[in-house]
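First, one chain by itself in structure tokens, the form predicted alone.
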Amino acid sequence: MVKLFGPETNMAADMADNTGRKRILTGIRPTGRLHIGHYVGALENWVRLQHGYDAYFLIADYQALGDHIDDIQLIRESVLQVAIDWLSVGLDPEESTFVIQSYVPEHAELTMLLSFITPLGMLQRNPTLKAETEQLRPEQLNVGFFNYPMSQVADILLPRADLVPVGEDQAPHIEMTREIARKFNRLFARENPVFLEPGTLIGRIPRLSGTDGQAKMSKSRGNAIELGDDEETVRKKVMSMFTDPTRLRATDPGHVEGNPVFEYHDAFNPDTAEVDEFKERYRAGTVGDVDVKKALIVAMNNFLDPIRQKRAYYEDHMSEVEEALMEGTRRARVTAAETMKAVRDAMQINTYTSTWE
């Protein structure tokens, strides 16, 4: 089940319209390989949507510089790793458009222009920015990091997307985008609006807890299972997962709600009868954590096996990965140029030639 906000209300009808497909834009900052939280919160949805929409998938390397300016090599490596992960889970560059943000300079141009009509307080109130700011040292905070929500707005508006599939924590960014789109149209394009007000689409599992029980999975916290992890790595990570801290013995009644192991079973174990039985026995104190985790290891590795196989293929065929990125970026440049012409025309900064001669 997905949660849908904004102007999109009939996704089935929209996806059936192959003559004039609506457009989606979404993306990821390249700061490492992707993990299963990315899959359930975003990628699973993207794979499905690419067949019914004109889909733009962005690797936001400019935004990664905001808090990784001291590790540009990580960003360079991650651009390709993210693309490999995309291909491995089933994103198809023939069906969709892969885009490297920094290869489309119009992203930076639109970010600058929109920043002039965006109140500072709007950035300061952004909940995601506030949360991430608290995790950085004062010397790590720079203007580029503080401005990355502005960059996200430009990323969405540049291809003039109808819909933005994101994780739950990114929903405030889309509302900010809608506000800025309305303001631009009101100020400069009242008669012929330049920008759409995009809707928001949340995946079936809005947020997957980390293996340590923390609310968010993150590689930097060491609580993530990566899409490329091998079987033994998955086994170790699952066996070390937090469960119910109040349960001291396997015979004690346990809590299923808020228990990451059962959260992962719900997300990745297709045998719902097995999962339901485990939940019943766990609550009754007739099954131990080890047995529940062993079953999860099997389910997780079954899920990841085809992804691993595709990843191995693309690692041996990097030219296909690079071509997917370059061809998509070429297509994105055409769309970006069209949008920026409309923006400059609306703002009357397309030319400064004399009008009195």
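Just so it is clear, the model here is predicted, and its values are computed rather than measured. Note that residue numbering begins at 1 and tracks the sequence as displayed.
Below, we refer to the form predicted together with a small molecule, which is not included among the displayed structures.
Exercise for the section: Please pick, from 164, 217, 84, 227, the one residue with any non-hydrogen atom lying within 4.5 angstroms of the small molecule in the model of the complex. Expected result: Only one option qualifies, and that one is 164.
Handout entry: 58, 40, 304, 332 - the one with a heavy atom within 4.5 Å of the small molecule in the model of the complex
Key = It is 58 that has a heavy atom within 4.5 Å of the partner.
Handout entry: Which of 315-323, 287-295, 27-35, 65-73 sits within 4.5 Å of the small molecule in the model of the complex, heavy atom basis
Key = Checking each option against the 4.5 Å cut-off leaves 27-35.
Practice task
Mark residue 78 yes when one of its heavy atoms lies within 4.5 Å of a heavy atom of the small molecule in the model of the complex, and no otherwise.
Solution key: No, residue 78 stays farther than 4.5 Å from the small molecule in the model of the complex.
Practice task
Would you check, heavy atoms only and a 4.5 Å threshold, whether residue 148 touches the small molecule in the model of the complex?
Solution key: Flag for residue 148 set to yes.
Exercise for the section: Would you check, heavy atoms only and a 4.5 Å threshold, whether residue 115 touches the small molecule in the model of the complex? Expected result: The answer is no: residue 115 has no heavy atom within 4.5 Å of the small molecule.
Practice task
Answer for residue 200 alone: is it within 4.5 Å of the small molecule in the model of the complex, judged on heavy atom distances?
Solution key: Residue 200: no, not in contact with the small molecule in the model of the complex.
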